[in-house]
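Encoded as structure tokens, the following chain is the form predicted on its own, with no partner shown.
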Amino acid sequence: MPEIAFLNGEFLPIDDAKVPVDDRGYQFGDGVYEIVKSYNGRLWALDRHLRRLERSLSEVGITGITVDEVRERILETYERSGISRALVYVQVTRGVLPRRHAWTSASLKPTLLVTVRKFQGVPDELRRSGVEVITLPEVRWGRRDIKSINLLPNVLAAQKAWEAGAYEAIFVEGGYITEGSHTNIFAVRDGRLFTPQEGPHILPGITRGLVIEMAREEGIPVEEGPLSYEALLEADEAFLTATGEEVLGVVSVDGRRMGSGKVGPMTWRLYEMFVDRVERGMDSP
């Protein structure tokens, strides 16, 4: 079960995958990406991820590649790996051109990278205990809805969280929550879910969307809109969503206990619903 890469038409060990120094992803972060998870040999929510990738490509104007091509490479790379529980990373950059900010050719050939690695997921103990988060000022660019490989602010925020002994850093802009360095966030109060609405200020998370769908199907009210920092602190529960984290309870924010200080019942209910969906393969758009 090898961890494997596909790079521009070639399958090879991950450590052997290398791009030219003039690749615009390396020089400028001029590219987009997706991360897909597999369960029991099945890629989860692949169609949803590819739709978001297609939108990201369109928004930054990367042409010369289709999501159908990307899908084929993902499926073939994953099949060659033979890894049942895997994390599949997909990255498309604008291509290779001598360094210049503006790209001067409309016929650039994009660089496509797919890697498949084993994935362990959140440890059971951490899922049961819940996680602590910190908040930081929002300093990222204005198009966070694009899944860009420009992640330096996210990386620095995640590092600050780690140094503070927290699991995640949540960005706050003008007193309102946006999202985490690599997660979306929900608050729970009086049996209702609250989460920032989609728009250029947050990434439309795949797991976020699935959780909203599940909740509404079960008659759980969901309000997508501005979520203030104060409202988050006053919530009964809070949880994070992401491909890797699935649904992960938050027990403190900036050192202040959330609700009972334990993973709340709504969080557990939604996590169990998510697991049930995975087992039944209910991930279609």
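Residue numbers run from 1 along the displayed sequence. These numbers were taken from a predicted model, which means no experiment stands behind them.
This protein has a second form, the form predicted together with a small molecule, left out of what is shown; the following refers to that one.
- The listed set V133, A187, I206, L113 contains one residue whose heavy atoms approach the small molecule in the predicted bound form to within 4.5 Å, identified as I206.
- Residue in contact with the small molecule in the predicted bound form (any heavy atom within 4.5 Å), chosen from V251, L227, A242, L53: A242.
- The stretch in contact with the small molecule in the predicted bound form, judged by heavy atoms within 4.5 Å, is 234 to 242, chosen from 253 to 261, 53 to 61, 218 to 226, 234 to 242.
- Every residue in the set Y33, R140 and N154 has a non-hydrogen atom no more than 4.5 Å from the small molecule in the predicted bound form.
- Contact annotation: S181 falls within 4.5 Å of the small molecule in the predicted bound form, judged by heavy atom distances.
- Taking the partner from elsewhere, R73 is found to have every heavy atom lying beyond 4.5 Å of the small molecule in the predicted bound form.
- At a distance threshold of 4.5 angstroms between non-hydrogen atoms, R94 is out of contact with the small molecule in the predicted bound form.
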